[in-house]
Each structure stands twice: as C-alpha cells, then as structure tokens.
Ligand SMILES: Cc1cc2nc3c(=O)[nH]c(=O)nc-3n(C[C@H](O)[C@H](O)[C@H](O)COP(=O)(O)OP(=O)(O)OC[C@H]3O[C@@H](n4cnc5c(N)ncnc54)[C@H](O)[C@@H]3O)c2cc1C
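A single chain, nothing else alongside it, follows as structure tokens in the form predicted on its own.
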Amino acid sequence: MPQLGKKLLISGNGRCNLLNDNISPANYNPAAKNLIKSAFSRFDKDSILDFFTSLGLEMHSVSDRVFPITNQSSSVLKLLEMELNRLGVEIQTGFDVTDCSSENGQFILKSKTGAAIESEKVIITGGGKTYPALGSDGNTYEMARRLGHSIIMPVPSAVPLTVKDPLCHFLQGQKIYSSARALIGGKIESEANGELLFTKYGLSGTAILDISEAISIAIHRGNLHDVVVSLDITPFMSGANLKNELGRRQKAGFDKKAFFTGLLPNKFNAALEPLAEGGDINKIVNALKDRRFKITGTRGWNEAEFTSGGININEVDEKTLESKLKKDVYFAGEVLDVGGQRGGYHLAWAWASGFIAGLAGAA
C-alpha cells in the first residue's frame, strides 16, 4: 500500500477497537485453542494495554471493548508510526509483494515492479481477504502455499446475508433489536442478540454479523443449502405474554392496519397486515417469535468484517509462530486460521501474534 495502516484506520468504525477486556480462547476458532492460549500467555491483555500506554495512548472501555480515549483510529496509527521512527525501523511502502522464494539461506521478496528485497527471515502478516482495496486481498495465501503450507478455504465472516423474502423488501432500511439463530440442517449452530437491519438484499446488523460465520462456512465450504435464520423480532416479551397481548388487542377491536403499533415500528403494520387480517393468534406469535428466512448466500469481501479460514494452524509452531515446514518463516495476524469474534478480538490477536513472531524472528 502507498501508506501504513489504511485498514487500521477503518477498524471499530473509525474508532479502533484495540482489544476486549475479556479475552479467552473461547472467542476464537476452537481448533486454534492451544495456539491462542499460548500466545496470550506471553502477551496478554495487560501487556497490550501496557504497550499502548507506553506509547502515550490513553484508553477507555465501552461494554468491555477497549478504545483510544480520542475515539480515533488515527491516534493509534500516529503513535505506532512515531515509535517506528524512534526505533529507526526502515519502512518501504508501495512494495506489492508478489513472490517469496529462498536461495542459499536468503529469502527473496519480489514486487510487481520487479524490485527485490533479500532477508534472512520473513514474517507473513498479509491479513485475510476483507476490504481488498485496503491491501488484504489474500495474495499471501498463495505465497504460503508455495512454501509448502495448506490453506483452509477463506470465507467471509461477520458478513451480511442474502435472502429472497418479501418481508425484507417491505422493511428495507428498518432497524430493530432482535434475537437471531443460525439453523444448519435443522440444528442451531449459533445465536446472538443485537441490532437487526432489513436490507433490499436480505439481513444485516450486529445480530446477523455475529451468527454469520457458521452460515458462511456451511454455504461456501460445505456447499449446503438447508441454511436458515430464525428471528425473534419481539425478544422483549415471552411467547405467552405476546399471545395474551395480541389476544387483548383482537378483543379490543384494534385496527388491523395498526395492529402491531407499540410493539414494533410502524413500518411493520403494513408488512404484517395479512397476518393481522388472518386473525390466527398462534400463527402471528410464531411469525414474530420464530420468523424463518432461507439464506441464499452472503455478501462479498467488501462488506465482510473478517475472514474465516487461512493458513492451517497445525503447520505453525504454537510457541513461536514459526512455520513447521520452512525454517525462518513466521506468521501473525488474520492470515492464520484463527477466526475471532467481533469486539476487539482480531486486533488483540494481531498485537499478541505480532509481538511473538517479531520476538522469535529477532532471536
């Protein structure tokens, strides 16, 4: 890229969610449990906080998510750049690496322009495939493959879902608080509470992003078609209480065109009017507490927050992050199949793995 940290600048919606107050292996790909545990045993939450404090960054927590006190990613980037300059680290931007090979104990990195750099050791930190315009286009997967590594198929994660359902058309642009469940082959694979956004193409919002990884893996890796999202769009009421309230409204002669007023945003009245006209309270309750949407796919890499998949962690030393297949090659960050949750976990992994790979590589 022509400058450092362009992807860092957009993290946390421009606020830079540095890490989470509650980091544990449970927040990452279960297959990476030992790798995660090892990394954070050496560079944990307190170490990350101490590091940024030493650079002069003040931080605060919002719902366990740690942000710079300025709420600006640019503050984090500027302090990191200042530290690089203080340490005299040579930085070369605009060097688009296309190949990494080794000869006579030296690695040769080549760029699109034909320029080359030689090095005794290499750390591959090319990230995943999200937001390719910001540099992470997945090209380092191929470099790792040429060095002998296998790649777990990368798929978009924390990504909006595509649905062909008239309700999405009626309600596009509408946000509500919802409970969402991912059903794959009829089995609940993940569930989350949060914001739900209806769009012209399907479903988005934090509740959807938080259950999307299992869905994306099932569709893109497993080529599965029995993939459904179940929404409870009235999570603030039990099914019994909702049934009583709807029955009360029915007996009181509520206008069918305004039957859901006070329970849901007014836009729902028109979208759900046929249900109200039908008058079957049990059917209405089921439609509100377990509205099912068949998922046809996911949005692409330009809309996904993270990548699920990457370099096979079984081929990486848990203590040093050095390749088990190629001496003096190390890995850090999202290029590995670590797959964290939303909420600062990916950046926490980036800081910890970067520290470990850098320390091991400098030894």
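Heads up: residue numbers just count along the shown sequence, starting at 1. All values derive from a computational prediction rather than experimental measurement.
This protein has a second form, the form predicted in complex with this ligand, left out of what is shown; the following refers to that one.
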property: Contact residue in the predicted bound form, chosen from Thr206, Asn139, Ser75, Asn269 - any heavy atom within 4.5 Å of this ligand; result: Asn139
property: Listed residue (Glu305, Glu318, Glu315, Asp328) with a non-hydrogen atom within 4.5 angstroms of this ligand in the predicted bound form; result: Glu305
property: Heavy atom distance at most 4.5 Å to this ligand in the predicted bound form, all of Gln174, Ile211 and Phe236; result: no
property: Options 220 to 228, 82 to 90, 276 to 284, 96 to 104; stretch whose heavy atom lies within 4.5 Å of this ligand in the predicted bound form; result: 96 to 104
property: This ligand contact at Gly344 in the predicted bound form, heavy atom, 4.5 Å; result: yes
property: Exercise: Thr130 in contact with this ligand in the predicted bound form, heavy atom 4.5 Å; result: yes
property: Distance check, Leu134 to this ligand in the predicted bound form, heavy atom within 4.5 Å; result: yes
property: Touches this ligand in the predicted bound form: Met143 (any heavy atom, 4.5 Å); result: yes
property: Within 315 to 334, the residues that have a heavy atom no more than 4.5 Å from this ligand in the predicted bound form; result: Ala332, Gly333, Glu334
